[in-house]
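Just one chain follows, in the form predicted on its own, and it is written as structure tokens.
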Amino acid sequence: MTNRKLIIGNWKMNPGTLEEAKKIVAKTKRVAAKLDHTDVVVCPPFVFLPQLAPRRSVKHFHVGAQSVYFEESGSYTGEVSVAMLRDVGTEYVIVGHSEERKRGDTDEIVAKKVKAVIDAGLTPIVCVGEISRDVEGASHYEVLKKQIQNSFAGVPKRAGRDIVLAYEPVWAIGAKESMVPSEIYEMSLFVKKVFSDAFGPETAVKVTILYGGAVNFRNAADIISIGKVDGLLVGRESLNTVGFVELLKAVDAVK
């Protein structure tokens, strides 16, 4: 990992129109171009990707997809392949988001998607995170460890350098407050250790670790500086252009 930070905006099933989406992207691009230490990726719904993906390189700004299917083509109604995403200018793909896992994506499916994304030359943003936190028994560590191991099963070690790993505890998504930054640091170290066991220490040192879960412009800087992560996976705040702009500025100012 370089000293550049990475902010991912996951729009989910928003906004309601292409016109609104274009306005959000236009404002985000203008701010991204002025950032000194931060890259920005917005992940809109599939139907907006062809209109929002830059036709030429835009300084510090990229477009990603919220999901993908691992097969190249076939009778898979409603699915989108990596080749389709690449063809419209997508550079990043979110894989294994908790909402996708809840709808049926097993660790095995996530691993297949990760391999498909890497094979296509795109960058997977692989989401991991425990559903609940066992403060007394600490069983969530083992749950998270198995999830990480299984989600990268069969992924070649050489591919580790091309992965972005997003730690997003499910219990923190949509909460009023994010996880305490010092605890984020603790968990990011654990995630990196498990990743190291799978891909080797040299790769783990360079892997980009993000945090997601109740992130906003007020807590972003502390999460980066105290939590010592390389960036953020941002949900609803990424659609609030005023708040997202402030978030990007606050993160970029962290030394």
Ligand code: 13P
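Bear in mind that the values here come from a model prediction, so they are computed numbers and not experimental data. In this text, residue numbers run from 1 along the sequence as written.
The form predicted in complex with this ligand exists for this protein as well; it is not shown, and the discussion that follows is about that form.
Using a 4.5 Å cutoff between non-hydrogen atoms, E168 counts as a contact of this ligand in the predicted bound form. In the predicted bound form, no heavy atom of V88 sits within 4.5 Å of this ligand.
Remark: I173 counts among the residues lining this ligand in the predicted bound form, judged by a heavy atom distance of 4.5 Å or less. Of the heavy atoms in E99, some are within 4.5 Å of this ligand in the predicted bound form. Judged against this ligand in the predicted bound form with a 4.5 angstroms heavy atom cut-off, the residues N10, A214 and V234 are in contact without exception. Judged by heavy atoms within 4.5 Å of this ligand in the predicted bound form, the contact stretch among the candidates 181-189, 91-99, 137-145, 70-78 is 91-99.
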